[in-house]
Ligand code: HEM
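Take a look at this single chain in structure tokens; it is the form predicted alone.
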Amino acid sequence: MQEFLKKPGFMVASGSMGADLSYLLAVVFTVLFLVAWWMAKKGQGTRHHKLIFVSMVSMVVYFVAYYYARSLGVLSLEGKEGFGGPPEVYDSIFLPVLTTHLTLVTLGLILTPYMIVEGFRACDKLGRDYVLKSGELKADPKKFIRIWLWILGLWALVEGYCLIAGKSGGAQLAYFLIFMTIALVVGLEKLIEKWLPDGARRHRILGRGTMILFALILCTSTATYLMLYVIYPLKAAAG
């Protein structure tokens, strides 16, 4: 898969197949999310539910495979992104934008399954239609303990694999931060329950915030792509 992603891209001469596919799909997924959000605003709950579910699951599957194949998060810590611009631009502009992008992507990948699960919990299925239900929505405290244990167990397995496979310290730190963020988000659910006890209102507010997050991901993705492959391509610097 890595060889395929390294092939010349189809959008710009200096781009790669992986970079072009990543950016193109980021645009596609963002448009799908906005369409699904528009459906929700129009009261088309069932169509919103189906489109957001399919698009979010597809996004998670693709981007997990993509970031794992390219190890972009680890590469950014090691300074191997292929940036061809001057060091001062890299330090003051490119690296902060890339770090922000990776942080937003991590939050997006966490909020995506959360919103899917919360969406199922916050609605009723009346015949073939999904309808948000008003009323207090709380989770069983025992479930939180089991979820935290699962997170801890998965993190231990991943860290064990990193040690056996001889992964770099940057890779281990990246995985630690990912699992720590997931655990914190799970813990924040209790605060969210107190802040937004009504399930329907919670889903609407958090859904709006998630859509804004995806829009910011597209903005930072666009900036990163332009700096890497249009403004400061590595080939141009080497030539």
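Predicted model, so just to flag it, every value in this text is computed and none were measured. Residue indices: 1-based, along the sequence shown.
One more form of this protein exists, namely the form predicted together with the named molecule; it is left out here, but the text below deals with it.
(request) State yes or no: in the predicted complex, is some non-hydrogen atom of residue 182 no more than 4.5 angstroms from a non-hydrogen atom of the named molecule? (result) Contact check for residue 182: no, nothing within 4.5 Å of the named molecule in the predicted complex.
(message) Given that the named molecule is not shown alongside this chain, does residue 26 nevertheless sit within 4.5 Å of it in the predicted complex, heavy atom to heavy atom?
(response) It does not: once the named molecule is placed as it appears in the predicted complex, residue 26 has no heavy atom within 4.5 Å of it.
(message) Under a 4.5 Å heavy atom criterion, is residue 37 part of the interface with the named molecule in the predicted complex?
(response) Taking the distances in the predicted complex, the answer for residue 37 is yes, it comes within 4.5 Å of the named molecule.
(request) Look up in the predicted complex whether residue 120 has a non-hydrogen atom within 4.5 angstroms of the named molecule, and give yes or no. (result) Although the named molecule is absent here, residue 120 would touch it in the predicted complex, with heavy atoms inside 4.5 Å.
(message) Is the named molecule in the predicted complex close enough to 84, 97 and 229 that every residue in that trio has a heavy atom within 4.5 angstroms of it?
(response) Judged in the predicted complex, none of 84, 97 and 229 sits within 4.5 Å of the named molecule.
(request) Name the stretch, out of 134-142, 153-161, 98-106, 111-119, where some heavy atom lies within 4.5 Å of the named molecule in the predicted complex. (result) Careful reading of the contacts points to 111-119.
(message) Give me the residue from 211, 32, 59, 174 that has a heavy atom within 4.5 Å of the named molecule in the predicted complex.
(response) Only one listed residue qualifies here, and that residue is 211.
(message) With the named molecule taken in the predicted complex, which residues across 28-61 come within 4.5 angstroms through any non-hydrogen atom?
(response) Counting only heavy atoms within 4.5 Å of the named molecule in the predicted complex, the contacting residues of 28-61 are 37, 40, 41, 43, 45, 48, 49, 52, 56.
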